[in-house]
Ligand code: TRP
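This document opens with one chain alone, in structure tokens, the form predicted on its own.
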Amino acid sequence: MAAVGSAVGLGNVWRFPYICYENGGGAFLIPYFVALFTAGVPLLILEFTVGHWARSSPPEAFKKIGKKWEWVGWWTVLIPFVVAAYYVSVMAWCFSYMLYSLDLRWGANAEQFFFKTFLGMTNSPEIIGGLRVPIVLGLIVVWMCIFVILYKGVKRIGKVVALTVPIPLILLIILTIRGLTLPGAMEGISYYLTPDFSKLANANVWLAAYGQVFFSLSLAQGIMITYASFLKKKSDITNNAIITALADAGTSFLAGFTVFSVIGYLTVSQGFGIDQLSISGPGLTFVTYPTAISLLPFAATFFGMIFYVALLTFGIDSAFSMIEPITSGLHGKWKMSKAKATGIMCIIGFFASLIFATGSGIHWLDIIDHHIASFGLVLIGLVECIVLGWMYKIYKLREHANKTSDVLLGRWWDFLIKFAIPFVLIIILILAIVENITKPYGGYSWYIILLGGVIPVVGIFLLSFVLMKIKGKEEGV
């Protein structure tokens, strides 16, 4: 349940529908499910197996693979902590919008309200702007929730996910049913699912599918290794991975119906085409959807509340799962109490999040997220495959997984981990590097890219070596 909660997050609601539409509509589902079963599930099985075998946090797990590989474990837990800093800020936006739904405060111009009134968006990242009080208050609430959930350890997590995993799914189903009953809903659904099979000949479509699967399943972030370390010794590893992957994919697919049925209604109500809308990222969630909510003939406030409560409950599982690996790492190496480790990381995380609560916050969020996703996570996934596939006897991990699993892994799994998945990740990485060199991301100046993109990725990499070199409590310190 915790793994499903981590995998299913805000990205399922606002990223998958847009990626699907951009890359062939219904035809995109073909490469998506190919990617899911050739990369997503095998990597999930790998991380579940390592965590279950090592029974420890990612740094300790990689240290058991070989002492010189401990830094890989620290790398995997530092990356999601950085992601959490800006992910929580998006949750703070959702928290504010949940309250704004009570009186539909965004009014007739949702775009103006979101970017100017709410975010106070500046013209460039160099112009920081002041702190936005509603966002800061939202950050306090979310970080306090994360602390309360985590500070008592895994038992508290188990109780929380029993509620926060099914509740947003139920709310999403309610929103989908409501959306499908609206005039023009089928126009949006048709736009979402109409297949353009010519897109399947485009290599970028296949890369987009692998990218979506890779990032959506919380891979290469130490999360699944950490959660798997808590599994019982006889837990079915392979089935757990398959269930987690299918739950994530199913939620993404369902979210497409939720979003595009409402978008179809919006376009019919206002008399313009869907292709004239901004249907990606924040624009979808905080501009397009609120506009559609305002046009509902009845219960607009109710359905607005449901939408943002669903986003918050989707997001909270992913948010605390990003903090759990690093607190487990601190607890494992320095024997720091779980409450103390959680408190320290939540305080650091809150102050790190403040930059995203300024007028330039959305710029920095965009820059850091792009570089962490395009380079940080891909590099970690590649290194994981190399270390576990080549520097360790991969068949031992396969045998460990097969001991407790109904679905037995064969040598095909070894091939995917050692050859196929690294090949895809290397191509994604090369294309990302070439694209960013030839065309600076977002048109930002080179020093902004350096400050918000390159330095965080390189800094995390170097810090992982520093943490490895510092002696732990069991080593006499």
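Treat the numbers as computed from the prediction; the structure is a model and nothing was measured. For every residue, the number given is its place in the sequence shown, counted from 1.
What comes next is about the form predicted in complex with this ligand, which is not displayed.
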Exercise. Candidate spot Tyr87, Ser218 and Gln221, all three in 4.5 Å heavy atom range of this ligand in the model of the complex?
Worked result: yes
Exercise. So which of Thr288, Ser229, Ser261, Ser318 reaches within 4.5 angstroms of this ligand in the model of the complex, heavy atom to heavy atom?
Worked result: Ser318
Exercise. Ala341, Val83, Cys145, Leu284: which sits within 4.5 Å of this ligand in the model of the complex by any heavy atom?
Worked result: Val83
Problem set entry | is_contact(Leu266, this ligand) in the model of the complex, heavy atom dist at most 4.5 Å | no
Exercise. Is Gly24 close enough to this ligand in the model of the complex to count, meaning some heavy atom within 4.5 Å?
Worked result: no
Problem set entry | 4.5 Å heavy atom contact, Met322 and this ligand in the model of the complex | yes
Exercise. Is there a heavy atom of Gly453 lying 4.5 Å or less from a heavy atom of this ligand in the model of the complex?
Worked result: no
Problem set entry | One stretch from 233-241, 106-114, 208-216, 67-75 that, in the model of the complex, holds residues within 4.5 Å of this ligand by heavy atom | 208-216
